[in-house]
Ligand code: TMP
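Shown next as C-alpha cells: one chain only, the form predicted on its own.
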Amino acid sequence: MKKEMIYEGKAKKVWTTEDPEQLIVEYKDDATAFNGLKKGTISGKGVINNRMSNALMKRLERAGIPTHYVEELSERETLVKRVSIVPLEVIIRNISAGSFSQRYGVEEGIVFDSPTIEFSYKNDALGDPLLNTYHARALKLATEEEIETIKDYSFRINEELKAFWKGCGVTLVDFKLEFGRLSDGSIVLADEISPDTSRLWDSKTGEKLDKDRFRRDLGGVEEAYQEIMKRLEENI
C-alpha cells in the first residue's frame, strides 16, 4: 500500500497510499530529546509506541473523541486519515514535572487542584516556544473556534487517560497532544500517545516509566517501555 515517503521526523516516517485521504505512519526506534540535541535508540520503541497509540486512540474514539486512526497494519505501521497538522502542541499537566518545574522553580510531584493547559508553537527552528491563544490567533495558527475545540478535546482526553492509567497502577503526570484538520476542516486528534509524549509514573513507587529515563540518563529505558506496555495490554 505504501507509495511515496513524504515525511521523516524524529520518531516516524509517513508514506502516501493509493487513497489521497489516507497515509501510512511507520514508527522508528530512534530517540531524541532537547529539540534533537540528544540522540539515541530505544530498542523496540517503535513497536510499543505504535501499538500503544492505536489502543488508546481506539479507546478515545469510543469515548467520543475523533482521531486520525484507521487501522493497525503491522507492529510498526498504521493507516491514518490524512490531516493538516495544526501547528500548536498542547501540553496537559496534572502534576508538576519537567520544564514546568524548571520554569517556575518548583519541585516535581506537586499535584495540581485542576489540570493546566499550555500551548507551544510547533516550530523546531524556534525551539517550539510557548504561546497563548491570542498569539495563536494573531499568527493565524488556528481560529478561536478551533482552539476551543482543541481545549475541550484535550481536557476530555486527560480525564479518559487518567482513569485508564489509574487502573494500570500508573499516574498520568503530563502529556503532549497534536491535532489536525481533515479535508472538511474538522479537528481530530493526531500524532501519537506514548511513553515518548507522556510522563507516566508508577503510582506506588513513583518510578518513571517513560522517555524521562532516556532524557535524564536514568538507565532501564527499554525495560520501562516494556513495563508500561505490559500494563496497558493487561488492562485495555
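A residue's number is simply how far along the shown sequence it sits, counting from 1. Bear in mind that the values here come from a model prediction, so they are computed numbers and not experimental data.
Not pictured, yet referred to below: the form predicted together with this ligand.
**Q** Would you mind picking out the stretch of 167 to 175, 49 to 57, 182 to 190, 63 to 71 that comes within 4.5 angstroms of this ligand in the model of the complex, counting non-hydrogen atoms?
**A** Looking at the partner contacts, the answer comes out as 167 to 175.
**Q** Identify which of K81, R93, K151, R76 has a heavy atom within 4.5 Å of this ligand in the model of the complex; exactly one of them does.
**A** Of K81, R93, K151, R76, the residue with a heavy atom within 4.5 Å of this ligand in the model of the complex is R93.
**Q** Tell me, yes or no, whether N123 is in contact with this ligand in the model of the complex, where a contact means a heavy atom of each within 4.5 Å.
**A** Contact with this ligand, no.
**Q** Heavy atoms within 4.5 Å of this ligand in the model of the complex: does A97 have any?
**A** Yes, A97 sits close enough to this ligand in the model of the complex that at least one of its heavy atoms falls within 4.5 Å.
**Q** Can any non-hydrogen atom of K208 be found within 4.5 angstroms of this ligand in the model of the complex?
**A** No, K208 is distant from the partner.
**Q** Is K13 close enough to touch this ligand in the model of the complex, meaning at least one heavy atom pair within 4.5 Å?
**A** Because no heavy atom of K13 falls inside 4.5 Å of this ligand in the model of the complex, the answer is no.
**Q** Going by this ligand in the model of the complex, which residues of 198 to 220 come within 4.5 Å of it through any heavy atom?
**A** Sequence-ordered list: S198, R199, R215.
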